[in-house]
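Only one chain comes next, encoded as structure tokens, the form predicted on its own.
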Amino acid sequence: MMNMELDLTIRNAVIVNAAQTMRGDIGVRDGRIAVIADSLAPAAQDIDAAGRYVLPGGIDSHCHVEQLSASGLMTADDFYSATVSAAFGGTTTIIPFAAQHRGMSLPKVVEDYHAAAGPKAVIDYSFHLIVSDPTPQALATDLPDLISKGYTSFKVYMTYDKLKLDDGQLLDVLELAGRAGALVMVHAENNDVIKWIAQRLLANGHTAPKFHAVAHDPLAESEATHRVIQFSRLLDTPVLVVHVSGIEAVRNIRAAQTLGVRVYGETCPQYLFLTAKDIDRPGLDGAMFCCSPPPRDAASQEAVWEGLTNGTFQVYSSDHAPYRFDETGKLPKGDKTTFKDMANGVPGLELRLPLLFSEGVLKGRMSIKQFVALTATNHAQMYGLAHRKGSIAVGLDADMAIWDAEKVTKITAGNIHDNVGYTPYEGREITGWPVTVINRGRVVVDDGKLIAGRGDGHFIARKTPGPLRMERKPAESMRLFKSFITSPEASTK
């Protein structure tokens, strides 16, 4: 008999959450998971998931979509192509950036990004803020107001002349975040070190893409990572160091965590599956592999893998920064482009989950429950989405991906749905793919076909984040200055 109380049933499922695996049927009503039971009668829309895993829809909390770079280059993907590509890869929610450039009003920036995303997105989305101009107005009024409206995280840069904050500005932003309960994401590279090396490379005629990795020395990353950890300790404010690539940066974060410092880590596919050797290709081809920080050596790659499984990294994101291999992106000066001219970033929205599933889960580097935590559940918890996303549980949004763990795919640019035109993982063969993807009870992708339409995705306002517990509790703060800067009358006593 047909189950008329449910809109959708997924039956005979192996359901995997971060904490447990179970067998059962899932019933969906009004976009939410209404029931999980041993056996349900089929609804009008019924999916037989026998022999397949049903995982929470992925959350990609670090991607650049329809974003103008500081050098004036627009990313190749708009909110339609990016969300289509994400959906085909098993992701049901993205959190790209509403990017403030200097002189811009943060509320106007957010308004503009809503206008771009709303008519195009096929899956759900939220926004981080990029803060490059922390004016008194921004700190006193705009940021607190936006946090209260569900924009509960923001990114700051320690590099790039047109985006970076100086140490005082960074402390201002961290102090505000600590008071308001927001989470600060930090691009940690020492700008002066990179500039100093780059100037000398160019002066000596070293212009090829491979010198991008030379300029972005691992010590620039490890020094900046250490510095922001100390700022976090000073203010007892949580920070998330994003796109971590180098072995020393990994160790800095791990060491701080063992002391109870509230520092968290994120890494990305390019640091697991690429190395600096990929950048060293003939002509300008290496530009297709250049991102910041760049892929490192084999030792760093292994350290990143270890960090995913030992708790150093809480989240695994794509840092999808899509630029075409032409004058609109990677080669703005054609064959005269130097490593300092090209757009930094690699695509990865669609392949983020399949790469890790194939090389992590199926090759025994991590459990499937760890995979779920790193790709969905921890993102939801850290970024204030756990009331809606990140797990398969009654009451949450029906965001799920049904995985065929035996499906073999040879990666080519032609079978990826972004608008980049190349993939740095061309020719790699992987096993496992999400064959049916569901967002708020809507089948978005099924058997290689897009079902959803433009504008079907919803904006999700987020709560103030709940960073994951560390292994040890932080020591009681001994920062004497805090009582004086938060309590004016204390200075007279």
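Sequential numbering from 1, following the sequence displayed. Model, not experiment: these values are computed from the prediction.
Omitted from view is the form predicted in complex with a small molecule, to which the following refers.
> Taking His206, Asp280 and Thr338 as a possible spot, do all three reach the small molecule in the predicted bound form with a heavy atom inside 4.5 Å?
No.
> Given a 4.5 Å cut-off on heavy atoms, tell me which of 246-254, 381-389, 164-172, 286-294 is the interface stretch with the small molecule in the predicted bound form.
Only one stretch qualifies here: 286-294.
> Hey, in the predicted bound form, does Trp305 get a heavy atom within 4.5 angstroms of the small molecule?
It does not: once the small molecule is placed as it appears in the predicted bound form, Trp305 has no heavy atom within 4.5 Å of it.
> Though only this chain appears here, would Arg52 touch the small molecule in the predicted bound form if you measure heavy atom gaps against 4.5 Å?
Output for Arg52 is no: heavy atoms all beyond 4.5 Å of the small molecule.
> Using a 4.5 Å heavy atom cut-off, state whether Ala321 contacts the small molecule in the predicted bound form.
Yes, contact at 4.5 Å.
> Does Asn344 reach the small molecule in the predicted bound form, with heavy atoms at most 4.5 Å apart?
Asn344: contacts the small molecule in the predicted bound form.
> Could you spot which one of Phe88, Phe371, Tyr151, Tyr157 gets a heavy atom to within 4.5 Å of the small molecule in the predicted bound form?
Looking at Phe88, Phe371, Tyr151, Tyr157 one by one, just Tyr157 meets the 4.5 Å heavy-atom criterion.
> Report the residue, out of Arg352, His128, Arg262, His187, that has at least one non-hydrogen atom within 4.5 angstroms of the small molecule in the predicted bound form.
For this set of options, the contacting one is His187.
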